[in-house]
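There is one chain below, alone, in structure tokens, taken in the form predicted alone.
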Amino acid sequence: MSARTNLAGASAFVVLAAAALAAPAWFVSLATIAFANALVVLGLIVLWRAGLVPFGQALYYCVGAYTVALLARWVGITDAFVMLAVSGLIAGLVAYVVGFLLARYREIFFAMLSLALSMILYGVLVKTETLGSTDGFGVATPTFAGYAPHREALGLALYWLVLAVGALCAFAVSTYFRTTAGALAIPIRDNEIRIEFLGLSVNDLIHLKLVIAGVVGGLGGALAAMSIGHVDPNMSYWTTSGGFVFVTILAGASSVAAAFVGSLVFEIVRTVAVDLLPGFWQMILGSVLLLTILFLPEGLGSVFARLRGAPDRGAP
């Protein structure tokens, strides 16, 4: 990662953190959810570069969210840092286990199998009364190493936590893209046989990508659960996964930063559309996606790539 990229990322983090002090509470809340969801999109980008498009990434998002809720409800743990660590670990473990199956499939089979796994979790949650069934249940107010903020202070604390976790994940994924395993994403998408001739296992490389995507997806779900204060089975429903794919198309796979910009743009457009034209907000979102595909086929990330003179890494 270049010094210029590091400086730009650090500057963006400081600006976003400081802006919350002057921004209205509703925007801070919207940005918190947007950046939490961006972590799921970040995981999708890891898979997207290798030509894999899962329609069940909400599986890890939901696992992370329910882990937070159950830690507080059953164990009494409300510390945000502990809940985040456990949520990422559990989501990564789930991704590791299902990865033995998913890593063997490609294209539509991979997409549909990931969707099936997510819908299995949805069915289990809907039928389990102790987990709130279709209604879900509330999430206890998080604490921060003993500090228990309320109202506006809680919103700011969660926002800054999301920013910090997002920055760490963005740095980690950017670093991964510069490793051998990360750099082989495009060759995997283009010609797996050549990778095998190098003595490397494509399935193992994809398995690693699935675990990375699962961990960041679980962290996103955990942060979203703490911010919303409620979990329900819809967090693993296919429409939730579809929304993440929508944002990934909007963001593109050329830049890590695009995951956060695309997610924020998506939340702003959806919020404004619902507020101004509640009967036509889906049409507005569809139009935004159509315009993006027509004029920015590589997504918003292609703009960042052009600005820094890097080649585009398009979606499959």
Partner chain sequence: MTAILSVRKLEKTFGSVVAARDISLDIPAQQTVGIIGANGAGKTTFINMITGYLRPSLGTIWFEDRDITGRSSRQITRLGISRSFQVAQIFSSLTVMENICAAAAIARGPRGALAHAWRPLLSADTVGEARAAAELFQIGAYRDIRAATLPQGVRKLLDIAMAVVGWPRLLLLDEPTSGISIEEKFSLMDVVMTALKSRNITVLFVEHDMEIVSRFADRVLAFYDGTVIADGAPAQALADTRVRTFISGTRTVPEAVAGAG
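Numbering follows the first chain given and starts at 1. Treat the numbers as computed from the prediction; the structure is a model and nothing was measured.
One more form of this protein should be noted, the form predicted together with the partner chain, which is absent from this view; the next part is about it.
Engineer: Quick one: find which of 188-196, 160-168, 131-139, 105-113 has residues within 4.5 Å of the partner chain in the model of the complex by heavy atom distance.
Structural biologist: In the other structure, the partner sits against 188-196.
Engineer: Of Leu93, Ile77, Leu184, Val245, which residue is found within 4.5 angstroms of the partner chain in the model of the complex when only non-hydrogen atoms are counted?
Structural biologist: Contact residue from the list: Leu184.
Engineer: By the heavy atom within 4.5 Å rule, which residue out of Leu205, Val126, Ala72, Val86 makes contact with the partner chain in the model of the complex?
Structural biologist: Comparing distances to the partner chain in the model of the complex, the residue within 4.5 Å is Leu205.
Engineer: Tell me, yes or no, whether Leu200 is in contact with the partner chain in the model of the complex, where a contact means a heavy atom of each within 4.5 Å.
Structural biologist: Yes, Leu200 lies within 4.5 Å of the partner chain in the model of the complex.
Engineer: Taking any heavy atom pair closer than or equal to 4.5 Å as contact, tell me whether His150 reaches the partner chain in the model of the complex.
Structural biologist: Residue-level check for His150: no, no contact with the partner chain.
Engineer: Is Thr239 one of the residues lying within 4.5 Å of the partner chain in the model of the complex, judged by heavy atom distances?
Structural biologist: No.
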